[in-house]
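One chain comes next, on its own, written as C-alpha cells: the form predicted alone.
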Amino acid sequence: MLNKLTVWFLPALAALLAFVSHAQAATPTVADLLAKIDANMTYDTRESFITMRVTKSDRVKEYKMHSYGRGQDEAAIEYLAPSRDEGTKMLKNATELWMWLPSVEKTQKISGHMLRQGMMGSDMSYEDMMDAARWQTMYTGVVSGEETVDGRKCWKVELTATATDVSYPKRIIWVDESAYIPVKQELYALSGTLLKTWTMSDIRTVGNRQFPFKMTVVDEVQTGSMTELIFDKVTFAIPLQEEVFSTRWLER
C-alpha cells in the first residue's frame, strides 16, 4: 500500500511544485512592470490633438488642445477652444511647469500647492500631469495578483510612496499584461481615503506601440466630478521645433 501511495503522490507533488514554480517565475516584479509602462507610454516625440471634457454635477465644459511631447520630461500644451481660453499655453520642463495667460500677457510658474490644483478646473491636477514618469523613483510595492478589467487581463500592483511629499501616498494600479498600460488606477490619501479613480481605455495600435485614446479621471470625494481626455489624433516620432520646449514659445 505504501508503495502504491508513493507512486501516486510523488508525481502529483512534483507537478504541483512545477506549477507553483512556473507561476512564480511568470509573475513580473514591480520594477519590471513600471519600466515597461514607462517604455510604452514614453516616446521620443509626440504631437496630439485632444478634447478635454470636464463634468461638474450637471455642467459640462469642453476644451480643445494641441499638445507636444518629447521624452519623459518635456511637454507643451496650447488651448485652442473655447474662445475665452484660446492661446493659453503650458510648458513642462523636467520638474518645472509654466503657464502663459494671454488675457494678462503674463507667464506664471506653477509651483508649491498650486501644482495640486485642477488643471483648468479639471479633476487632473498639474502634478498628475508631471508624476507618471517618476513612479519608479517615488514608489515601492508588490504585485498582489491578477484580475480582469474591462475584459483585459491585468496585473494588480499595490504601490506605497517612499517620500512624504507626494499627492497620493498609495496607488493601486491594474496593468494590462499585453499592452503594459495602467488601464485602471485608484489613488489614495495617507488616511486611506480613495481620492480618485483613473481609467485608460480605447486602446489602439499606433506604429509599434499601443496607446489609450481615452483617459477618465473621477473625483471620488466630490460627487459628480469627472474629467475625460479624448485623443482625437496622435502622431509619434515626428520632428518638432526646439523652440516649442522653451519659455520663448509660451509668449510667441
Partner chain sequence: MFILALALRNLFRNTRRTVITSAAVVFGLALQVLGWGLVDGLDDNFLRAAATTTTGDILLRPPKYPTDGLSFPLEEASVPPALTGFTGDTAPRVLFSAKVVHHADAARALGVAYDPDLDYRVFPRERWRVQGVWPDKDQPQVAMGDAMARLLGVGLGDQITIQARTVDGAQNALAYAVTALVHTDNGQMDNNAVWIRMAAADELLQLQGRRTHIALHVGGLQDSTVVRDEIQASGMLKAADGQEWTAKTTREEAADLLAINDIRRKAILMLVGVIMCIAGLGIASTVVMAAYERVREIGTLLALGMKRREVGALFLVEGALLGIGAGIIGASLGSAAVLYWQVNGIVLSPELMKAQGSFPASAVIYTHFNWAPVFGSLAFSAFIATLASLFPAWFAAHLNPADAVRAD
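Model, not experiment: these values are computed from the prediction. Residue numbers count along the first chain shown, from 1.
The following text describes the form predicted together with its partner chain, which does not appear among the structures shown.
Using a 4.5 Å heavy atom cutoff, D165, A189 and V221 all lie near its partner chain in the predicted bound form. When you look in the predicted bound form, the only residue of L195, I203, M215, V206 with a non-hydrogen atom within 4.5 Å of its partner chain is L195. When you look in the predicted bound form, the only residue of E127, E177, E146, E158 with a non-hydrogen atom within 4.5 Å of its partner chain is E127. For T27, no non-hydrogen atom is located within 4.5 Å of its partner chain in the predicted bound form, even though that partner is not displayed. Under a 4.5 angstroms non-hydrogen atom cutoff, its partner chain in the predicted bound form has R116 among its neighbouring residues.
Only one segment in the set 146 to 154, 178 to 186, 68 to 76, 165 to 173 has residues whose heavy atoms sit within 4.5 Å of its partner chain in the predicted bound form; it is 165 to 173.
With contact defined as any non-hydrogen atom lying within 4.5 angstroms of its partner chain in the predicted bound form, S57 is the only contacting residue in 57 to 84.
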